[in-house]
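Just the one chain here, the form predicted alone, laid out as structure tokens.
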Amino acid sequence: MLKSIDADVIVVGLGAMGSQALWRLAKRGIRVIGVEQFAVGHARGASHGESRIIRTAYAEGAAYVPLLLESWRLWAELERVTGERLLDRTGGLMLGPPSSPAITGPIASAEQHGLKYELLTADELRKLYPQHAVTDDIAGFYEYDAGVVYPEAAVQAAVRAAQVRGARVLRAEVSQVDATGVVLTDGTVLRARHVIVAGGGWLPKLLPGLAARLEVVRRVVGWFPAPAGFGPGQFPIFIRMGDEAGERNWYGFPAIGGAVKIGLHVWPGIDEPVDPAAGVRPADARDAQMLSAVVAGTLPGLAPEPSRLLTCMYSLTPDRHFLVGPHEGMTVLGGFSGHGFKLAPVIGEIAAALAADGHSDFALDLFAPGRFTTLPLRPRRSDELGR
């Protein structure tokens, strides 16, 4: 006999965004059920890898800054209510040609919102951050409000905080979702007044109407053993753009546990399609060689080869902005394009507001899922700075 379970709101997917939506809904006293097909904090999607960048002077657009400021506040709140350490401020360093979006973008955001920053010449970079090999045509943008978020811990903390407030969590696979509820693969029906779909790479399967505008691709990160001088106190998180066109864009973290994590965000030939159901192809020697070449040319103090490699998925939209808002009577959260994790708490709060009140105080036109009905597919923008 088929079971039927009722709730006020159902959240499908408890990764970065879904876990936070679950917490914010439960805090409001709303009867909410979260459905996750794997263990909470799993490594099958895009919410793992031990570290994520958080920054504030956003090159992707000044419109993100109010969201980021609220996200910082909500990260601190989640730390308080759970007693967990979920992030560390290390400062952030953007590197690139002076006219590249790596420099001009954060300047524009910082100036519009009164954020504190410093501009650094190549000589100043060599003096302050000798770990980076820079030529005379490279400039630096340093911001104080930047650092590292710990993704697995953050997802698990948000779900625990939600459960303390009465949220129910089901480990189950979803076969069907619409505005009236969710059907699980075992035939159980979950009915709700509102459904939030935060399916990550599985979003095209769950919501086929968005499939043509979402590209799920493979990414690889590597850890390079580091000597003294690469720790959080001396080596901020960084994003580096290799040319003014933005065709090469990579990022890195201070040494945590003795190794610096490096990833390629934009790079020729790395957008390999992924079927999430099959999983991401494991990292291989070519991945190691690509990362090693970047390290050898720009961070010569690190070990020449990675001690570890890890794969994950990006869910890319055509314009690389997010999908946040109403879709077919539901709220959709997706397409975070490799730069969304830092904003997870505020995205969760927005989703909770949409589910509970029907509107959010934040401007969401930039992220409207319906914007792609007339938008042609287009190549990657040059101002993407990633994780």
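Being a predicted model, the structure only gives us computed values, none of them experimental. From 1 onward, residues are counted along the sequence shown.
Unshown form predicted together with a small molecule; subsequent notes refer to it.
Enquirer: At 4.5 Å between heavy atoms, only one of the stretches 349 to 357, 24 to 32, 324 to 332, 50 to 58 reaches the small molecule in the model of the complex; which one is it?
Expert: Of the options, only 50 to 58 has residues within 4.5 Å of the partner.
Enquirer: With the small molecule left out of view, which of 274, 134, 174, 255 would have a heavy atom within 4.5 Å of it in the model of the complex?
Expert: Spelling it out, the residue with a heavy atom inside the cut-off is 174.
Enquirer: Counting any non-hydrogen atom inside 4.5 Å, which residue from 295, 313, 78, 146 sits next to the small molecule in the model of the complex?
Expert: The residue in contact is 313.
Enquirer: Can you check whether residue 320 is within 4.5 Å of the small molecule in the model of the complex, heavy atom basis?
Expert: Contact with the small molecule, no.
Enquirer: Residue 230 versus the small molecule, in the model of the complex: is there a non-hydrogen atom within 4.5 Å?
Expert: The answer is no: residue 230 has no heavy atom within 4.5 Å of the small molecule.
Enquirer: Could you confirm whether residue 14 comes within 4.5 Å of the small molecule in the model of the complex, counting heavy atoms only?
Expert: Taking the distances in the model of the complex, the answer for residue 14 is yes, it comes within 4.5 Å of the small molecule.
Enquirer: Even though the partner isn't displayed, in the model of the complex is residue 202 close enough to the small molecule, meaning a heavy atom within 4.5 Å?
Expert: Residue-level check for residue 202: yes, a contact with the small molecule.
Enquirer: Using heavy atoms and a 4.5 Å cut-off, decide whether 206, 219 and 342 all contact the small molecule in the model of the complex.
Expert: Yes, the whole trio is in contact, each within 4.5 Å by some heavy atom.
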